[in-house]
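Next up is one chain by itself, shown in structure tokens, the form predicted on its own.
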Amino acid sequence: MTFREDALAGRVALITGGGSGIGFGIAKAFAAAGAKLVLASRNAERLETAIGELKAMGAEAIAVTADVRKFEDVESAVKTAVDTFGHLDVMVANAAGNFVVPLAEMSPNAWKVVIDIDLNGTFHCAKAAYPALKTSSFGGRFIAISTTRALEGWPGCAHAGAAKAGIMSLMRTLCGEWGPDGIRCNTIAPGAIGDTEGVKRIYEEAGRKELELSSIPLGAFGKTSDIASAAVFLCSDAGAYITGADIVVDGGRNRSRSSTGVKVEATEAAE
């Protein structure tokens, strides 16, 4: 979907895990809609490549190396955004980590790592961005990337499923707490996104592509641009009256399979 070039004009957005995958897809769509960008990631090499591509599009964009598990890193990224562009209007908590391991075989550290990146990282993004978002002249936007697996149960990925469920609860709470400050808080739940390393590794290279496609009513994997379009919509004037929502972008997959039939799988880590 193509939005007007000024759909996000004047807005400044910070995207964690913005150097690749869904995060970078959102960054490109935001840039095309006129936003100024701050990309945060632990991977400096990915950031350099991503910023180069955004600047080639004519976007104003900067990179900040940050680990969302550390509040001071996220706080510093927000400060850099405000110091550079004068304000912050959009925070996208996208950085995530995941890997397949049954709970009986999962180490306490494995659980902690994913909870720290996914759930605690989202809290850090919210806490750090709040002072800036509440002063946004456009009405602040806080978006977190979730998954439909959060509500189904996720055999093989209990840590990520629990973290994402926690994120959904957190965002619904913030909807109530931050609404009076004009901040809209929503989640986006992607399905299987074909132009990501996660889907290539988990489905295509494992010979499970056709099986997974058979569970999607629309018959095709999604694209990062599909998730990005949802994010642009929520952050534009068209999304001004939407808060507390979970926007599912999965081609209908979550409606075509029972919770008892969830397959063991992993999603793409955003970093």
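On a predicted model such as this, the values are computed, not experimentally measured, just so you know. Each residue number is its position in the shown sequence, starting from 1.
Heads up, the form predicted in complex with a small molecule isn't pictured, but that's what we're talking about next.
Practice task
Report whether all of Val68, Ile145 and Ala192 sit within 4.5 Å of the small molecule in the predicted bound form, measuring from non-hydrogen atoms.
Solution key: All three within 4.5 Å in the predicted bound form.
Practice task
Work out which of the listed stretches, 127-135, 176-184, 75-83, 89-97, brings a heavy atom within 4.5 angstroms of the small molecule in the predicted bound form.
Solution key: Selected range: 89-97.
Practice task
Find out whether any non-hydrogen atom of Val199 is located within 4.5 angstroms of the small molecule in the predicted bound form, and reply yes or no.
Solution key: Yes, Val199 lies within 4.5 Å of the small molecule in the predicted bound form.
Exercise for the section: Mark Ile22 yes when one of its heavy atoms lies within 4.5 Å of a heavy atom of the small molecule in the predicted bound form, and no otherwise. Expected result: Result yes; Ile22 sits at the interface with the small molecule in the predicted bound form.
Handout entry: Contact test in the predicted bound form: Lys209 vs the small molecule, heavy atoms, 4.5 Å
Key = So Lys209 does not count as contacting the small molecule.
Problem - Contact of Lys36 with the small molecule in the predicted bound form (heavy atom, 4.5 Å) - result: Close contact is absent here: in the predicted bound form, Lys36 is far from the small molecule, nothing within 4.5 Å, heavy atoms only.
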